[in-house]
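Let's start with one chain on its own, the form predicted alone, as structure tokens.
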């Protein structure tokens, strides 16, 4: 069956002006080590996504300059470093990150409450020292979406640790969002591993479509290769907008 055209899905997606409904619930994953490629994607899709994810690959290659460039393009920045070390080291590193003006920073929940709390304190201190207008949030990574299965008891323990440490939210697969929201409705839920129906799952173990993840309660979904590496990115963007329109 041939892929739908942009017009069949929604209509033209380029040349838009202004912010689209729900874009602050959509993050584009800039999964590359090439800043030229990353910024091209960021410019092409800035009227669709409110957040840009900078992962370990891109940050290691480009450093904080890529964060500043994305902020200039109007993005909120999700820095996905998944920190995991002794509390003092994590606090110092998070303090540095706070000065970059990021909105979200990931830390592994498996590090425990003292380490998570250190990250929260460090990030807040760094943002305050830099005169940031917004309070950045630490998100505790419960389990990776590449994990084929999750132990429910361990998941709840990591979620509780995030809440006790003062984290602003957590990262989990769509399958765990409803349970997490019931236990800690006050926390922000970020869901990666987003794929369109029938698409290749690549290295992900637990995936969901945009509409399923949002319906389950995700506050922010992260999508990358399904758009940036799509045969026709314009159609992929139109499909994403169509799925997210009800939320």
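Numbering follows the first chain given and starts at 1. None of the values given here were measured: they were computed from a predicted structure.
Missing here is the form predicted together with cytidine-5'-monophosphate (C5P); even so, the following discussion is about that form.
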Taking cytidine-5'-monophosphate (C5P) in the model of the complex, would 171, 192 and 223 all count as contacting it (heavy atom within 4.5 Å)? yes
Option from 130-138, 114-122, 80-88, 160-168 whose residues, in the model of the complex, bring a heavy atom within 4.5 Å of cytidine-5'-monophosphate (C5P): 80-88
Contact residue in the model of the complex, chosen from 208, 180, 29, 218 - any heavy atom within 4.5 Å of cytidine-5'-monophosphate (C5P): 29
Residue within 4.5 Å of cytidine-5'-monophosphate (C5P) in the model of the complex by heavy atom, from 150, 156, 110, 144, is 144
